[in-house]
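In structure tokens, one chain follows: the form predicted on its own.
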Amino acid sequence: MKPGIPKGTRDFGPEQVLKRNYIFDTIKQVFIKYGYQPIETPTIELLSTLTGKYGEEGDRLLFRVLKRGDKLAKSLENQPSANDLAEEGLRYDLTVPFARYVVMNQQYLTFPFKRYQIQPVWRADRPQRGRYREFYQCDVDVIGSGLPLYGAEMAQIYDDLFTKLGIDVIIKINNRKILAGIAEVAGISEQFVDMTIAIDKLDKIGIEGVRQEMQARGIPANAIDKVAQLLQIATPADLKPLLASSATGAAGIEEVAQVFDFLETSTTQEVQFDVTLARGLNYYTGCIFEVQAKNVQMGSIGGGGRYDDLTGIFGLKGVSGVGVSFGAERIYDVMEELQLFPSDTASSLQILFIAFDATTHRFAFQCLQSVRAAGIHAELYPDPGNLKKQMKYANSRHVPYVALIGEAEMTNGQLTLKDMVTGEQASLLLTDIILKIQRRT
């Protein structure tokens, strides 16, 4: 049988894993810097937890887990629907499981509760560049406060992280209340969800496609014209008089203004208001965020927003939260395309020992123990003698230093250290080699 893996999933070799870990470690450092704590939730959640939280498209993309044993056999007896065959599903995102976690553990938490979570999620999507069925999300959320301070903090986290990774981005901000105000002014408040679903596809299908989508959803032509007109407004100040008749829209404009006030002197990346930003998930109620990389064709590499009562679905009413997510897979692809990974990221090995014969090989093994004891990642090539073969291995491992040990090195205790980047060689005592690598690290 020819081996294979499911569409939309990927294997990762050592070099790729090391680069991904560089992204994860950098993200984690930023999360911790801002006072967030780690949690983890199960891969499988009850379908009752997942369904109805993400909108119609989200429900369609859920991976459902079949019942097992007698439960499955009993369900199959009576022409079952898909929902009859499954009680559980793979998590679609990390936010809804987080809300469930908060409700189940509220007596142990101190609010506002700030958490981060780095785990894989699954979506039965059509695989394409930058879109996978299995991928990691890196989420940061604070729950228990609706203050605009935390909305600004989310933008700061995006700014901080992408600056550290060397990615130039645009951080876009809008507010679902502004979109609700647009629906209200257009006279289609009851079709708000239909409107936002259409607007969320703007970057893929263009404004004419959005018009057609709204028309297909039964939105009247005059309302479509009004919505299209308002989607062309560039700033909250220009939008404010046009939404004056909507208290909800005015509240959204004020919330966006407060976030920008906090961010006035605290970000280096570009932050801009975008009235067309919709975010398709139904649970967002306030400020929403999306991040796009400059200089590369890629979808959003981050997104999130405020939710006023997501925990209310699980029985804890009136608890506001806000959070954002980083798309690790797309960030990886962007960094690969723009060659942003540090040169030493591809190797976990810091030095390779190469011996010329069996006697020096045993001496090299003793040196290896001293280097490892100093906390340095080191390896000894197993077969001494063939220098060309050993150097080829060193190159394939992207090792920065090679220590060459022949009879002279073993006799005088000064090893030949070769810098694999510059090609320079020097004779050094083992203690000096250890210090040199430690300083480099």
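Since the model is a prediction, treat every value here as computed from it, not as a measurement. Between two forms, the rigid core is defined as the largest C-alpha subset superposing within 1.5 Å. Don't overthink the numbering: it's just position in the shown sequence, from 1.
There is also a form predicted together with the RNA; it is not shown, and the following applies to it.
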property	result
Listed residue that, although the RNA is not shown, lies within 4.5 Å of it in the predicted bound form (heavy atoms), from Ser48, Thr41, Gln37, Thr416	Thr416
Contacting member of Glu87, Asp344, Asp125, Asp333, with respect to the RNA in the predicted bound form [4.5 Å, heavy atom]	Asp125
Per-stretch contact check against the RNA in the predicted bound form, the hit in 127-135, 225-233, 109-117, 140-148 (non-hydrogen atom, 4.5 angstroms)	127-135
Non-hydrogen atom within 4.5 Å of the RNA in the predicted bound form for each of Glu15, Lys28 and Ala247	no
Residue contact check: Phe273 to the RNA in the predicted bound form, 4.5 Å heavy atom	no
In the predicted bound form, Leu62 touching the RNA (heavy atom, 4.5 Å)	no
Heavy atom of Leu429 within 4.5 Å of the RNA in the predicted bound form	no
Lys33, heavy atom within 4.5 angstroms of the RNA in the predicted bound form	no
Members of 7-31 lying within 4.5 angstroms of the RNA, judged by heavy atom, in the predicted bound form	Lys7
Core-aligned CA displacement of Gly13 at least 2 Å between this form and the one not shown	no
Is_shifted Leu149 between this form and the one not shown (CA, 2 Å cut-off, rigid core)	no
After fitting the core, Ile27 CA displacement of 2 Å or more between this form and the one not shown	no
